[in-house]
Each structure stands twice: as C-alpha cells, then as structure tokens.
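First, one chain by itself in structure tokens, the form predicted alone.
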C-alpha cells in the first residue's frame, strides 16, 4: 500500500544554501577529503551543523524504517516517530493502508498527537482543538466565523509511505529515491514466509544512547567487538564478518562449527524453498541493503543460551524452527533478525548530534500466549543485554570523538561493512550538497 500525496517541504541543499560560504567550504572539504578505510573526523560526530545536514540529506531524502505491521494492526492505530526536528504520525487507515502525516498542527504548530502509540478516530490538536481526518484533512477549527479561511488549504502535511513484507517505511522528500522498489524486490522473498501480518508485539524497548546516530550504525555493522557480547555469543557465532585467513586462534573451533552449521542450514533452506544467499549492496545502490540467512549456534533456532526456541509458535508459513536467522541491514536506520519463532526489529532515530534513540521490538506469532508459549523475560534477555553493551560501546566512542586527542583510525578487514556504511553516507551527502 502507498500513501503518496506529497507536499514539498524542502529542496536539495536548502540548509547548505544558507550557510556562510567559508563554513560550507569547510564542511564540503571534510566530505571530499574523507580518508577511505578510516573512521570519520570528529566533527561528523560532534558538530551541530553537520547533524542538520544529516537530517536534511539523509533523513530528509531517503526511506527510513518507521514501524512494523504488528504495531498498527487495526484502522485508527498509530505510532508517532520522532527524529531530529521531525515528528511523524504513522496511522493505519480504513482502507488498510498507512498514512504518513507530519505531526504539526497547521494552526500554531503544536504536536497533534503526543503519545508514542494509540488508537484514534479523528486527530484533535490538544491546543485549540483543530480536528483532522485520518487522511489529514482539516474538518473542524474551533471559533467558527471568527476568521474566514479555506480549510482545504490547512490539512496536515503528508509524506510518502510504503509497506513491504510487514515493514512500514516513510520518506519526507518531495521525490523519494526510486530504487527502493528494487531493494524491496530483494528482501521481500526472504521476509514473506515469516508473515509479519500475523504477529504481535511481545515487547518494545526504547534506549537513548549518548552517541551520534552514525556511531550507532557503525557499531551494528561489525562483530569485531563481539567478545563484548557474552550473552549473544551463546547463539550468534562471533566469527560473523570474518573470512578464511582472518580467524584468530581462539575462534578457530567456533569457525569450524559455524561452517558446518551453515552448510546444514542451507540444505534445510533448499528443502523448504527459502532464500538464504548473501545479497550485499550496502553502498552500491541508494537504498543500501545486506540480507542473508545465517546459522545460529546450539540448536540453531533462536537467540537463547542453547540456541533453543524462545516461543513455541512458528511464524507464518514456516515448517521448521531450525532456520537460524534471516539478517537484514537497510540504510540508513535499521536492521532486523527474522527467526522461526520470533522477529526482532531495530530502528535508529537521531535526536541531536550526540543522542540517538534505538527502538527494539520483539514480535511473536499473534496466537502465541504470554506465559504459556513464551516468557517475555527469556525472549528479550539476549538482546536487552546486548543493547546495553552496545550502548556503552557507542558512548565510549562518542566521548573519544569529543577529545582534542581524537584522530580517525583504520578499519580492520572484518569492519568492511562499516566502511560501506560510511561510504554510502558520504556519497549521499555529497550528492545533496552538490
């Protein structure tokens, strides 16, 4: 479904056009002379102007992951999504589609909906009761007759929305990048068998990390640091991202076990007709993606200490719990794990240049019963612990970037996806500044 009525909100390089020439030249040079294979210069993580450019060039131009179908099961259900200066209402409409509306009243600019999620009929601003339909049309303004104006000119501003395989994406650009359609064709066959339309939220966690959004994404794009994730290492092979010749001696046994498990998993995927091949186009397309199905340790079913399932209910059309994890990275703000028994979604929403909201949502089959089919504490334990550890890692890097002693360091070979993410980011911003 698509809600694609769009109101122009910005133009390419709008912020850049307002910057003093000297400042713009300095920022442009930072992007132009970025040292390949090395982390970014400190201002990319600490400078408020670069953050504003990020909001305009990345979050203002590209498709971002907003929510999952399970968060909006019925007409009138909504979530609000905040990032940088923006606030969006993501609302299920009566036709079964999704409307994306800017959460800014056309009267005095107040937030129309203030809760993170809920159910509503019409949308009523709490300030002066201006009332909008779910489509964003202004249908009532209090104090009638006091001022004459055309209500048709004061509807909530709309953005683009896409729902693919149970994931909802939003784009506030005038013209969204067209290649998202091609990216959707890549990931939809991997995700469809898990059928997110028949899932529900088991738990949702919001963490504010004291770090720039790019540090959050960089941390996710490598497992060089995975020795710092003891709970995750029980099921996720810590050799992720490594190749033959890069395996440290203490992980050789794990590497051998991983290869055997992956071979068994691929046989099982072929039996069930499930795609598992690695597709890696993180910086070679505008809607960058990496997706694959990868083995898990132990029983190979889920993120538990022994790899055993954490929910008794299989998702969608799946016929086997031993399907490892389908892992997907999407630029610029999300990653996902699709397993046989549950799904974990991660959305990254920048707050400012040094704070980022990370939203993690655990989904189980909609007929799974809490306390009988799954225990929320056990279901969420591994990633709750991992998220806290990642938060600490990101914040250490943010602190370092703020030091006069900081200078960019080289990425290791296993961090090639970090380099791909940064390369994607630099390309997109340079296109915007051009």
Partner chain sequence: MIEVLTETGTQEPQRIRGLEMPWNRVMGSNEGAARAAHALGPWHPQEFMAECVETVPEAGGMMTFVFRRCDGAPLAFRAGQYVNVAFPVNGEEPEPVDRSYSLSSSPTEPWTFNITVKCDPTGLVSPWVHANVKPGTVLEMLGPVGAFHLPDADRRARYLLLAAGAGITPIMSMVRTIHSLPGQADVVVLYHGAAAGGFAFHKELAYTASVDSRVKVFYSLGDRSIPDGWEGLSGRLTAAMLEEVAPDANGRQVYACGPEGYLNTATELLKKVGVDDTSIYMEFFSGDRQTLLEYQAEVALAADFAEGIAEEIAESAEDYYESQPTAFGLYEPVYDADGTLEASGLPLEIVAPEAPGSDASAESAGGEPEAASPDASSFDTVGTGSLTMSFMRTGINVRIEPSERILEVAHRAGVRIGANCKEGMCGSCKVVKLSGEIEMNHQGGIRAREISAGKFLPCCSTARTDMVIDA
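Numbering follows the first chain given and starts at 1. All figures in this text were calculated on a predicted structure; none of them were measured in a lab.
The following text describes the form predicted together with the partner chain, which does not appear among the structures shown.
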{"query": "Heavy atom of residue 268 within 4.5 Å of the partner chain in the model of the complex", "finding": "yes"}
{"query": "Contact label in the model of the complex: residue 120 to the partner chain, heavy atom within 4.5 Å", "finding": "yes"}
{"query": "Interface membership of residue 129, the partner chain in the model of the complex, 4.5 Å heavy atom rule", "finding": "yes"}
{"query": "Non-hydrogen atom contact residue 396 with the partner chain in the model of the complex at 4.5 angstroms", "finding": "no"}
{"query": "Partner-facing stretch of 286 to 294, 102 to 110, 167 to 175, 300 to 308, counted where any non-hydrogen atom is within 4.5 angstroms of the partner chain in the model of the complex", "finding": "300 to 308"}
{"query": "Contact residue in the model of the complex, from 321, 362, 346, 349 (heavy atom within 4.5 Å of the partner chain)", "finding": "321"}
{"query": "Interface residue in the model of the complex among 366, 41, 47, 375, criterion: non-hydrogen atom within 4.5 angstroms of the partner chain", "finding": "366"}
{"query": "Sequence-ordered residues of 74 to 111 touching the partner chain in the model of the complex, heavy atom within 4.5 Å", "finding": "74, 75, 76, 77, 94"}
